[in-house]
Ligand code: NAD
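Only one chain comes next, encoded as structure tokens, the form predicted on its own.
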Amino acid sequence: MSTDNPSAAARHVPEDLPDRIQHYIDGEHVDSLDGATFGVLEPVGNTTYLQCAAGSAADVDRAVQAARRAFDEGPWPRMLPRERARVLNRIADIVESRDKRLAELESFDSGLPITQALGQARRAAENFRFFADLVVAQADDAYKVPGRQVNYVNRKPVGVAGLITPWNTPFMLESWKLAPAIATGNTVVLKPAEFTPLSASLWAGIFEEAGLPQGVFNLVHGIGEQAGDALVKHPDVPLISFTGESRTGEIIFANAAPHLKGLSMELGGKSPAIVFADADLDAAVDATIFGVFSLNGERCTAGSRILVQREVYDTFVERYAAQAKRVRVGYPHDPTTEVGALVHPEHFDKVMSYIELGKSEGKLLAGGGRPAEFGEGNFVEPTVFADVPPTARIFQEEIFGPVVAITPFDSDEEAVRLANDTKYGLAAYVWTNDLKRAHNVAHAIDAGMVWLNSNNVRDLRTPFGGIKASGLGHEGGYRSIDFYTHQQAVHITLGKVHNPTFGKDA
């Protein structure tokens, strides 16, 4: 682990920071109806730098009503896909033109290294371009019975989509939901994570400049148990897309059930990376280092359990630990930083508690605490535990920080068994030069996504989602179109009607 000699003077504070953030409802920036606010911390010094409006059920209802009016009476759901696509492409243009400012604010608010935050801002623009293209190219099924019948599918937007987003890479993950929801003609109410409201507050100005009609986008800040809960329970919100913890997903599932809402939930993960003896070890070490330490380890698809075949276990572990010690911890704004500050002191305390637990469950080879150079802030050393048994909590439970558990295996069957030995099933990574083994192991793993000899590189056309405790449903590509639209079957009879006659006169 490598650091500079930080000082308070080295901290970067963006210019023109707001001192308060409001909701955005029906085209206006507004305070909470009861005037409630909450303080927002920056993660380098854990100082409160702004007050944010704290939404209640009344604020959520006001936003939902605005979104419903825009859906029922406004032009957006009735516009041609090409017309909506033009707006989405303008949104992408604006995001791209402001990528450095967006990254600066995101890095300051979340603790993400600035270079990684910049990549996430550019990915947000790409999400809008992708769905702009997709809704224009969308083709639906049509079936013909010659001379008898034509049947076709008519897609319709569902209504008001409730979007609840997390604090890790918040701006990009907001775009991941906003783009398909509005591309398909819905209106939305966004409830961003309370730890990171800054970048979410920028969407209003971007959408206004791009020409999105009033009321299509609405934003309510607040605590999940209040604003998020009210959005899930609102009877006029037929869809909820949520990304966050598995336990929160369980609560949302229960609260949405009485209304039979459509749900898409991307939840937690404890993803395995399996390294076989015949793998390219240079590539496997690099990829598994990046896979758990990028984005500060705060990523749902992190390969935080590394399973290594025993023939190369000692070599892999030695090389991995040595490289992990060289991962550079630093201030988020520094372009050479590879691991910045965790998002919030509550999360820092959680990660540190797992590190202390891991010292009794595995062999600590790198990291294990706060870097000595940083006396404050949410900085954590990249931490490596080896010889971790599958019963260990650091093997089973999602830590969501720069902490990895390495475990040996002997056979293909044992690798699969260990990979599947958690309640989660989001992602997995397999490293081997045996083509047959690669596919057989991938197919045997209980995960929604598997990468073979690859890091987490996504094609936006493919489904994203997990199984077991990692989620419900998939988004991405046409799966997002499916989620945000009704598919209405229309049947047309050609020629003579063929049907039985009941009640015919004798």
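For clarity, every value in this text was computed on a predicted model and none was experimentally measured. Numbering starts at 1 and runs along the sequence shown.
The form predicted in complex with this ligand is left out here; the points below concern that form.
Taken together, the three residues 109, 337 and 378 all stay farther than 4.5 Å from this ligand in the predicted complex, as judged by their closest heavy atom. Residue 464 belongs to the set of residues with a heavy atom inside 4.5 Å of this ligand in the predicted complex.
With a 4.5 Å cutoff on heavy atoms, residue 248 counts as touching this ligand in the predicted complex. Within this chain, residue 166 lines the site of this ligand in the predicted complex, having a heavy atom no more than 4.5 Å away. The closest non-hydrogen atom of residue 194 lies within 4.5 Å of this ligand in the predicted complex. Contact with this ligand in the predicted complex, judged by any heavy atom within 4.5 Å, is made by just one of 99, 412, 361, 229: 229.
None of 157, 244, 368, 74 but one reaches within 4.5 angstroms of this ligand in the predicted complex through a heavy atom, and that residue is 244. Remark: of stretches 219-227, 178-186, 288-296, 403-411, the one touching this ligand in the predicted complex is 219-227 (heavy atom within 4.5 Å). Residues are counted as partner-facing when one of their heavy atoms sits within 4.5 Å of this ligand in the predicted complex; in 262-279 these are 266, 267, 268, 269, in sequence order.
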